[in-house]
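Presented as structure tokens, the chain that follows is alone, the form predicted alone.
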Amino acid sequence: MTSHDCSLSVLHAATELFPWIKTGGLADVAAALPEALGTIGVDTRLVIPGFPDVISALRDDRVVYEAQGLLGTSRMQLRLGTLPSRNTPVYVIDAPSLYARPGSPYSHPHNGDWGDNLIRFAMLGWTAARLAEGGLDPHWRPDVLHVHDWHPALALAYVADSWPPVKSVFTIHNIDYQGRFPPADFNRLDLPHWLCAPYGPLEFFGDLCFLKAGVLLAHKVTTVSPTYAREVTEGQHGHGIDSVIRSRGDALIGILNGVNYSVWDPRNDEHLPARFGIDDLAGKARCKTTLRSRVGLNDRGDAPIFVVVSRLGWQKGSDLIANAADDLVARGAQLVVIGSGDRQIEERFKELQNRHGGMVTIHTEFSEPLAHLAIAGGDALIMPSRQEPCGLTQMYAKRYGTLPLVHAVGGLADTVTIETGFSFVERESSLTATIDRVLQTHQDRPRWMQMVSTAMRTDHSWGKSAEAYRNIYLQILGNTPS
């Protein structure tokens, strides 16, 4: 092991980082896990692309490496610096021709993928690989490279022939996103041809597949919940790549994501009109009143409010919520939807809003303060996802005393128990039946308040997850028994 002030050093590679660049839970994990590892003595750093908001936030930075013409691009500088309110040092790939663009990290403002995504994310993988080998920063070399999702997964191809071997962990956040590209582009990557040979690590049904390379080349593969680890081996998700996952056998482990309670805790949430905790829920009642006023719901006193804070789409089960909305309103409940996505589903909720004025409302422009207020002011959170690798919103809701109603898949099955929420399986009609169960329980105030108390006391902090990852790092380094 290399010599550092800490006994273990780890480089994380990811595309997203909350709050600067976020499309999903990956950003929250990339922000929270390295910080949590730092609190238990792991010397942790992160490498990410230089998207505009990241570049503008970077502080106290210096150039540790620069090149021209790398992977056919123009200028690239690797900067090491810090970001506000973070302890984890960050390497930022300052390559304007690749990353200084509008839109999401992956697609242009008109929703189509950028045509050069192969090179944009190969650059991230190449940089992570060379940092892991000790070739870019002469003052720091990690013991372990930890790659998150397909975007930086090519790092594991770039270190495939390294000696001594680079120890690595690959985390699958969502197996349905795989990073597949035409095989004709392989020659642009400056990689050994054996990687793209038929049945090789990068080849998958005739395509280049970054995710497959990550799964096959990492020393350990993790997913973001134990149930999701089982699901991805059973062919429920992944469009056929489950056979690749199964080939890794005991190398696969599910580790539940955690919650950053410095951001999501009603006792110190700066977005709320009133703060509250387990022993004093008066602030939650005020949040409920404020939520109704903010989103245009009728003042119905003790009528339960169901909230949805989610991307709207088939995977998230948003259509199931729309199908159940009439019954929900008929039973005297209200519905707040915060999210956007599938245009047809958005239109369905807008039609429901027009038909049930003051009882259903939808807000398609995401607002972080409004999301916090909805989770604090709601009574129940609906997450009927058809697939949910981990899910974080249901864990946020529990801390705010808003009981989750979930489809028992992935991390939802691992985090919502009969003591802390409601769950259903399989049939579409099950959601309506479970809403009935929520409403019946809501009328039983002692039972409801007991569940709220238990949910709020549940600890989903990152400490346990960070310890689990540290143990994996030590295992692959040979420092503990596997």
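Start at 1 with the first residue shown and count on from there. All of these numbers come straight from a predicted model, not from anything done at the bench.
Below, we turn to the form predicted together with alpha-D-glucopyranose (GLC), even though it does not appear here.
- Though alpha-D-glucopyranose (GLC) is not shown, can you say which of 384, 378, 389, 152 has a heavy atom within 4.5 Å of it in the predicted complex? Comparing distances to alpha-D-glucopyranose (GLC) in the predicted complex, the residue within 4.5 Å is 389.
- Heavy atom within 4.5 Å of alpha-D-glucopyranose (GLC) in the predicted complex: which of 224, 307, 145, 321? Among 224, 307, 145, 321, a heavy atom within 4.5 Å of alpha-D-glucopyranose (GLC) in the predicted complex occurs only for 224.
- Can we say 350, 361 and 432 each have a non-hydrogen atom within 4.5 Å of alpha-D-glucopyranose (GLC) in the predicted complex? Result no, not one residue of the spot touches alpha-D-glucopyranose (GLC).
- Task: Work out which of the listed stretches, 229 to 237, 193 to 201, 91 to 99, 309 to 317, brings a heavy atom within 4.5 angstroms of alpha-D-glucopyranose (GLC) in the predicted complex.
- Result: That would be stretch 309 to 317.
- Query: Do residue 120 and alpha-D-glucopyranose (GLC) come within 4.5 Å of each other in the predicted complex, heavy atoms counted?
  - Reply: Answer no; every heavy atom of residue 120 is more than 4.5 Å from alpha-D-glucopyranose (GLC) in the predicted complex.
- Query: For residue 257, is any heavy atom within 4.5 Å of alpha-D-glucopyranose (GLC) in the predicted complex, or not?
  - Reply: Looking in the predicted complex, residue contacts with alpha-D-glucopyranose (GLC) include residue 257, since a heavy atom lies within 4.5 Å.
- For residue 174, is any heavy atom within 4.5 Å of alpha-D-glucopyranose (GLC) in the predicted complex, or not? It does: once alpha-D-glucopyranose (GLC) is placed as it appears in the predicted complex, residue 174 has a heavy atom within 4.5 Å of it.
- Contact label in the predicted complex: residue 29 to alpha-D-glucopyranose (GLC), heavy atom within 4.5 Å: Residue 29 belongs to the contact set for alpha-D-glucopyranose (GLC).
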